[in-house]
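What follows is one chain in structure tokens, specifically the form predicted on its own.
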């Protein structure tokens, strides 16, 4: 049986950030990084580009074998966590493997959430969450002419774009009335939708699939939609069955405090499996955002080595950048996808002819949220302005006129 001081389960952004934080303080104690994947660590955000062929799977690694050797990290592939006995410090994996640990970080991510559609079990379908999913979808596209995508979120729209550019006939079925609901309002989405329709993609809003049979989806209005390839992109959720009987508290994800600790003293959680504080609203949630996963992993790793420089997690703030058919969209923060909230000030600029959109939301002269389509913004800086609750009153007019330049000027001063 292998033993280690630090066991990290999950090798994407949160797990890697934790390993980096641990090795900054403790360069030698045994550290095992276990991944259920057969590949070197990669970012899930790269998967649509693997499907399209713009990125080669073998060139997507976030860390190399040489890195793990240099940092004295044991990297285990194809290690699927089955159960935990935290009292005894044991993690049990598939194929009968067990690892004894002193401290454990769970960074196990999320898995696709499959809809309850009659007939789903009788048809072949794809999801897009792992590298093997991406490679399988890429292969399937070569022999297909008609694709059906369920869900108009980031995964579904990215995949639909790739399929259309590959010459396939593509339909998207989305129960809500727009693309990317939750990220943009209807005006911003309308610009994105026109680009999709201009590339021949059939958008079926306000519809759901009532039943499936091989090669055909029957919608709730009775329409038949034929397909050769079916992609389900209706969301993800943390896969937490390995926690049964562990004593670790869960809700929608693994419950953690502001330092990523679970209710058990030697166990932390970070990334898409962790339920954390929300920065801009009451309560907690699963962030599911890359920068948040990195921050949570870093904080967890610091806690595992008792780093005096550790600071609490400030809370999750949404941050998404989205490229489509050579165009760019950005959404940061809150108040950008629906009606204005009480006490907020919204600046909206929409030019349908120029295909540009900008929405800035402020409250008490502090940025709350921003969204744009084909309008120059620096999303990382806007994200920081929100997290720091920066008072914009002295530069408000300049910021509203040119948020990119003014935001950079502000942060150049704040980061000194």
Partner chain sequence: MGAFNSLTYNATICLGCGECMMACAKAKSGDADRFDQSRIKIVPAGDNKFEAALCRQCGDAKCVMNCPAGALTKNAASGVVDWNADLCVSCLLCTVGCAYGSITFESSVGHVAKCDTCGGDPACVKVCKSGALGYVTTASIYNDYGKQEDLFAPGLAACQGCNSELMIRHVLRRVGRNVVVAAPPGCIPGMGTVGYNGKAGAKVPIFHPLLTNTASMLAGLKRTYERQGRDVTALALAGDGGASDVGFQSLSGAAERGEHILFLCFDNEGYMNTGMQASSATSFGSWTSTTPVGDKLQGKRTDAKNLPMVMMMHNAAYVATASSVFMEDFYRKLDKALAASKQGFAYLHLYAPCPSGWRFPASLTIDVCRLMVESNFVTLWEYTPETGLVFTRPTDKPKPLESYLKAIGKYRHLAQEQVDRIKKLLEDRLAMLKRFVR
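Please read all numbers here as calculations on a predicted model, not as lab measurements. Numbering follows the first chain given and starts at 1.
One more form of this protein, predicted together with its partner chain, exists but is not displayed; see below.
Look at the stretches 360-368, 346-354, 28-36, 42-50 and give the one with heavy atoms within 4.5 Å of its partner chain in the predicted bound form.
Correct option: 42-50.
Close approach of residue 24 to its partner chain in the predicted bound form, 4.5 Å, heavy atom:
Yes, residue 24 sits close enough to its partner chain in the predicted bound form that at least one of its heavy atoms falls within 4.5 Å.
Please tell me whether any heavy atom belonging to residue 391 falls inside 4.5 Å of a heavy atom of its partner chain, as the geometry stands in the predicted bound form.
Judged by the heavy-atom cut-off of 4.5 Å, residue 391 is well away from its partner chain in the predicted bound form.
Should residue 323 be counted as a contact of its partner chain in the predicted bound form, where contact means heavy atoms within 4.5 Å?
Yes, residue 323 lies within 4.5 Å of its partner chain in the predicted bound form.
So in the predicted bound form, does residue 386 come within 4.5 Å of its partner chain, heavy atom to heavy atom?
The answer is no: residue 386 has no heavy atom within 4.5 Å of its partner chain.
Among 298, 207, 126, 103, which has at least one heavy atom within 4.5 Å of its partner chain in the predicted bound form?
None of the others qualify; the residue that does is 298.
Quick one: name the residues from 7-21 with any non-hydrogen atom within 4.5 angstroms of its partner chain in the predicted bound form.
The stretch touches the partner through 13, 17.
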